[in-house]
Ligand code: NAD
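What follows is one chain in structure tokens, specifically the form predicted on its own.
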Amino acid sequence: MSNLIGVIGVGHLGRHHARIAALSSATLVGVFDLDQDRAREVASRWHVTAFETMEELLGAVNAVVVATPAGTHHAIAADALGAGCHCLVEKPLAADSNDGRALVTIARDRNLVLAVGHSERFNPAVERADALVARPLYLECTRLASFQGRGSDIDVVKDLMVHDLEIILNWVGEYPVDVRAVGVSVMTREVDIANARLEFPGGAVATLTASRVSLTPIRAVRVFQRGGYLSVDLKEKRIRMIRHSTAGLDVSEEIAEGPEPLKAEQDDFLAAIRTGNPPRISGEHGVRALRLAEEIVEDIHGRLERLGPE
């Protein structure tokens, strides 16, 4: 039986989720958005219902994608889980890790799937790199974006850097023992550019830079490990592996191919519902990345407080 799915929030990202759901193995029943004109526009495109209330949508489906502003994720996902709906919640899972843990508890108690939309983990370049990363010693992540206004209700760490935090936690397989960070606000009241240094129990070190006020978009990761290093352009999906050999440096390059990350993410969510296996990015994974993001932001604010007022 096909899953009956709805999308809550059909702004920039949600309308893509609606498109993918309409073309997936699930049945897109309808959408809900506080902006009813926007909801009707998206619903008309895919010949589904634009529900006037979220409660009506929740009563008509058994699964939802939550693609609303981060500050609303906890309340909306809690209502959806309470109504018996499996949930794919866009990152970050919630505004804070305590709310994230509460969602994990509700989902577990009701035997429902709770997946988190860390779509970069489904980037074909990241999936290819998964097979090439082996006991990394040093990792360097750069994620720069131009100012769009979206996500400005949260800081850049939870908005953008959290993608790379989740990737690094997966590759290193440990949680950091030392977190140091700096950051500043530029366009919003929240931190808009941040740099963090993480040290892991096994000795690995990671540095991350995230900005949403840059002129040139960059999404790149470099991983240094014994015998060589890996350079991954997440935007172009280009992977370059540099290995040391007796003849010198051996350089190989490839373009990773695969489905659209949002489609792979949604397919994984639907498979988890169908099979009962956990999704690749579970609620627990979302909480872990969110908790680390909080530690980074706390260190940033601590440094700013020590500097005193302007």
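Quick note: we count residues from 1 along the sequence shown, nothing fancier. All values derive from a computational prediction rather than experimental measurement.
There is also a form predicted together with the ligand; it is not shown, and the following applies to it.
Of these, E254, D35, E52, E257, which has a heavy atom no more than 4.5 Å from the ligand in the predicted bound form? It is D35 that has a heavy atom within 4.5 Å of the partner.
- Which one, S231, T72, T188, T207, lies within 4.5 Å of the ligand in the predicted bound form by heavy atoms? Spelling it out, the residue with a heavy atom inside the cut-off is T72.
Report task. Indicate whether the ligand has at least one heavy atom within 4.5 Å of a heavy atom of I5 in the predicted bound form. Result -> The answer is no: I5 has no heavy atom within 4.5 Å of the ligand.
Check your understanding: How about L13: is it within 4.5 Å of the ligand in the predicted bound form, going by heavy atoms?
Key -> Within the cut-off, so yes.
- Message: Contact with the ligand in the predicted bound form for G9, defined as at least one heavy atom pair within 4.5 Å: yes or no?
- Response: G9 belongs to the contact set for the ligand.
Checklist entry - Does any heavy atom of S211 come within 4.5 Å of a heavy atom of the ligand in the predicted bound form? => result Outside the cut-off, so no.
Practice item. Indicate whether the candidate residues G100, V113 and P279 are all in contact with the ligand in the predicted bound form, with contact defined as any heavy atom within 4.5 Å. Key: No: none of G100, V113 and P279 comes within 4.5 Å of the ligand in the predicted bound form.
Can you check 129-137, 189-197, 176-184, 83-91 and let me know which stretch has heavy atoms within 4.5 Å of the ligand in the predicted bound form? It is the stretch 83-91.
Residues in 110-136 close to the ligand in the predicted bound form, defined by a heavy atom within 4.5 Å, in order: Residues within 4.5 Å: G117, S119.
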